[in-house]
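Encoded as structure tokens, the following chain is the form predicted on its own, with no partner shown.
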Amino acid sequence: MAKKEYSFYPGCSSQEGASSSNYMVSVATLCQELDIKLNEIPDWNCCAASIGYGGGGELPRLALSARNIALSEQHNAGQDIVATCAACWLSTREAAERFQHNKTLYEGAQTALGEAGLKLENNTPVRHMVEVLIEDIGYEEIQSKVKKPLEGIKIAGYVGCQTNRPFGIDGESYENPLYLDKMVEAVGADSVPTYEKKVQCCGGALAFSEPDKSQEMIKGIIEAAYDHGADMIATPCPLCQANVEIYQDQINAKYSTKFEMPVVYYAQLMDVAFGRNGKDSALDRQIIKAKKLDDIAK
């Protein structure tokens, strides 16, 4: 019997072959080490974080998240909903809170769900995976699992914007959240608590519509990490991870920089520190190799 069980909403980008499948692999490994069981919500659907604001309307967007919540309540009753993706967490939690405070939206969602034979109770907490690690597991428990401390590696914790606002992580500052820094320290690495770009937006979907603007923002995020002597950047957000990693070649060509900054997930740091190999930690799926982690993971 697992120590902790949660109803899991993986989201589109974590599927095999998708942009953050490495995130899902590393989280699965992390859960094995910490005795966490994630029960996937059957027949889940997209949360509409990327396309829901494109003209589809407020209720249809929220109703998509309502369906996931209703399915969770039906199949994984009594279990908190947990998402690894920052956008999925934000969309699902926003929907749940909007329904609590807006009777019209709630009744509209119920009507839509009723057509599929579903009903929304909307009494289930919606949490990000980092909340589970901080609040239910704790830094001391994480530290106790470390077999290979990440000594000598300096890591800039890039929180991004979606896990920081509007909800944020309970007890954390909006301007300078420290939970990633504490996670970094728990696995034996050196954190950068004064990293001034830790909550700056990476440009999100502007990477497609207005790439010049997005890449300028990403450039500042990477430069600040280098300025602090960081060996790599760690993040809890799939879109942040993708944007800050994959556009470095284009930024180098545009600005005559020589960026080669690895961008990893907090879960990968923990996996390596817990003694797991590069494949289990999904380090083999990095575009920019995190060589210092690879060396420890061997």
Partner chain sequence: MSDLNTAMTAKYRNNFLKEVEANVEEGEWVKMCMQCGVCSGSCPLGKHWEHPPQEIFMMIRAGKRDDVLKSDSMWMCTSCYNCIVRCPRELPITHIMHGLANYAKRMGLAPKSQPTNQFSQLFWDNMMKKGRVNELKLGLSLYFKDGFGDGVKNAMANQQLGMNMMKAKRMAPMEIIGGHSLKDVSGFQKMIKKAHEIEDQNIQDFS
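Computed from a predicted model, the values in this text were never measured in an experiment. Numbering follows the first chain given and starts at 1.
Just so you know, the form predicted in complex with its partner chain exists too; it's not on screen, but the next bit is about it.
With the partner omitted from this view, the residue of E140, D170, E175, D227 that lies near its partner chain in the predicted complex is E175 [heavy atom within 4.5 Å].
Proximity to its partner chain in the predicted complex, taken as a non-hydrogen atom within 4.5 angstroms, holds for one residue of A28, I246, M261, L34, which is I246. Put simply, E223 is far from its partner chain in the predicted complex: not one heavy atom of it is within 4.5 Å. When contacts are judged by a 4.5 Å heavy atom cut-off, L90 counts as touching its partner chain in the predicted complex. Mapping the unseen interface onto this chain, R165 counts among the residues with a heavy atom inside 4.5 Å of its partner chain in the predicted complex. Shown alone here, C46 lies within 4.5 Å of its partner chain in the predicted complex, counting heavy atoms only. No residue in the set I134, K154 and K182 has a non-hydrogen atom no more than 4.5 Å from its partner chain in the predicted complex. Look at 182-190, 145-153, 77-85, 115-123: in the predicted complex, residues with non-hydrogen atoms within 4.5 angstroms of its partner chain sit in 115-123.
Scanning 262-285 for heavy atoms within 4.5 Å of its partner chain in the predicted complex gives D284, R285 in sequence order.
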